[in-house]
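Listed next as C-alpha cells is one chain, alone, in the form predicted alone.
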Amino acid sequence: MRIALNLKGIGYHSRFVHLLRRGGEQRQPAYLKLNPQGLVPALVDGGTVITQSLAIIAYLDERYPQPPLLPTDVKARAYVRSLAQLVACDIHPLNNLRVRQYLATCGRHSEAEWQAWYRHWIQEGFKALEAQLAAHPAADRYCYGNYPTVADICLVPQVYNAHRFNCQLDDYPLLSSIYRHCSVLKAFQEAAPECQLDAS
C-alpha cells in the first residue's frame, strides 16, 4: 500500500500497528473495530475503510489514475494482475507472521523448521513467477514494460523478505533484476520497513 501511495504521490498519514507489541496491536479491540480480520494494512479514506492490499491498490488506482498501476491493454492488465495475485494470494499468505506463529505454537515447529517452510513456498512461487516473466516479451526493468505496476508492488516486499530470511535467489535472475530496478526508485525506498517511524 505504501509503495502505491508513493508512486502516485498521494499524501497520507500513517498510524502504525505493531504486530508484536502487546500480543499484536492488530488484535486489540480498537483495531478490530476497524478491521475485524485483524490484519494490516487498512486504508481509511474519510468514512470508508478498505482492507486487503490488492483491493486498496485497485481503489487508489481508480481514484487517482495517474500514473497508472496497470497497462492500458485488457490482456496486458489481466497478465499483470495474474502476476500480482501469484504473489499476494499464493506466496504471501503462507509466509506471513500469523502462519509463523501458528506453526511455532500449535504445530510446535522450531525456527529452523519454519525457515524451511518459508523457503519452500518462496521457491515454489518464485520458480513459477520467473518462468512466466521469462516467457513474456514485455518483461524488462519491471514485471511489465518500463514502469512499475501492481505486479512490482507485490513482488518487491516478497523479495525483500526472502533476503531477510537468507533465501537463495540465484535461480531467479529476472526477479532479482526487477527488484534492483525498483529498489533505486524513491517510492520503493521510502516504503521500506526500515524507513518507517516505528522501525525497530
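If you're wondering where the values come from, they're calculated on a predicted model, not measured in any experiment. In this text, residue numbers run from 1 along the sequence as written.
From this point on, the text means the form predicted together with a further copy of the same chain, which you will not see here.
Heavy atoms of no residue among 138, 164 and 195 are located within 4.5 Å of a further copy of the same chain in the model of the complex.
With the partner left out here, a further copy of the same chain still marks one of 140-148, 168-176, 51-59, 153-161 in the model of the complex; by a 4.5 Å heavy atom cut-off that stretch is 51-59. Within this chain, residue 113 lines the site of a further copy of the same chain in the model of the complex, having a heavy atom no more than 4.5 Å away. Interface residue remark: residue 131 is counted as part of the site for a further copy of the same chain in the model of the complex, having a heavy atom within 4.5 Å. Remark: residue 35 counts among the residues lining a further copy of the same chain in the model of the complex, judged by a heavy atom distance of 4.5 Å or less. Contacts with a further copy of the same chain in the model of the complex, taken as any heavy atom within 4.5 Å, map within 74-95 to 74, 75, 77, 78, 81, 82, 85, 86, 88, 89, 90, 93, 94.
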